[in-house]
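This document starts with one chain, in the form predicted on its own, laid out as structure tokens.
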């Protein structure tokens, strides 16, 4: 049976890995994968990497998911493509490494809006559109479970995402839609560009596997969670054994 799947910020890093995993596992020629993007060059690059068969399944939609208006426009375009959806991965997130003393209200509000408020209201708008057996994955972070000294606001926003996954279960009661949050620790993505070797070494000492995760490893957990109907209302951490040392 065909599925309509959505991945926000799906042309780079973890989002791209998730989108590619969904395409790899797709067995129905009628499957549709809607990928939100913001950077045109990332979309162009990803499109060039797709097979002709996968290109037929994919629709790219530009939207600035850091704004409520961008999210509204995205939802409207999704509904035009399909009035019903099956799987949704809320992957968009931003952060800052500014010190707490350097925060202003605009930074705080934008990060909370992007990471927590916008996905909340996107789910609200799409709620009536989910087919029975639908799945929602919220991308959290280990920073939402631990006190993340590098970014207070990012940590707070991801803690909200984790709790949102649990709270939404009551809102979806009776719809047979599973909702879970995935919380990675450090993942080797373009987000890490510019990190010094000293920083890598210091963090890897705290990870039992002594390395960052690959984006494909996160994508596999997302897919495995989506395809297990009894995983519901759960926060799944994928950390390589962080903070064991």
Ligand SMILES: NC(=O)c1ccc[n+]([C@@H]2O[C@H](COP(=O)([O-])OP(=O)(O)OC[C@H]3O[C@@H](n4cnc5c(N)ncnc54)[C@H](OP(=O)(O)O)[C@@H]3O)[C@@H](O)[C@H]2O)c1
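Small disclaimer: the values here were computed from a predicted structure and weren't measured. Positions refer to the first chain, counted from 1.
Just so it is clear, the following notes concern the form predicted in complex with this ligand, a form of the same protein that is not shown.
- Stretch 30-38 is the contacting one of 199-207, 30-38, 172-180, 50-58, since its residues have non-hydrogen atoms within 4.5 Å of this ligand in the predicted complex.
- The closest non-hydrogen atom of residue 187 lies within 4.5 Å of this ligand in the predicted complex.
- In the predicted complex, residue 44 stays away from this ligand, with no heavy atom inside 4.5 Å.
- Not displayed here, this ligand is kept clear of residue 74 by more than 4.5 Å at the level of heavy atoms in the predicted complex.
- This ligand is not drawn, but in the predicted complex it has a heavy atom within 4.5 Å of residue 140.
- Of the residues given (153, 94, 159, 123), 94 alone sits with a heavy atom within 4.5 Å of this ligand in the predicted complex.
- Across the proposed site, 14, 63 and 66 without exception bring a heavy atom within 4.5 Å of this ligand in the predicted complex.
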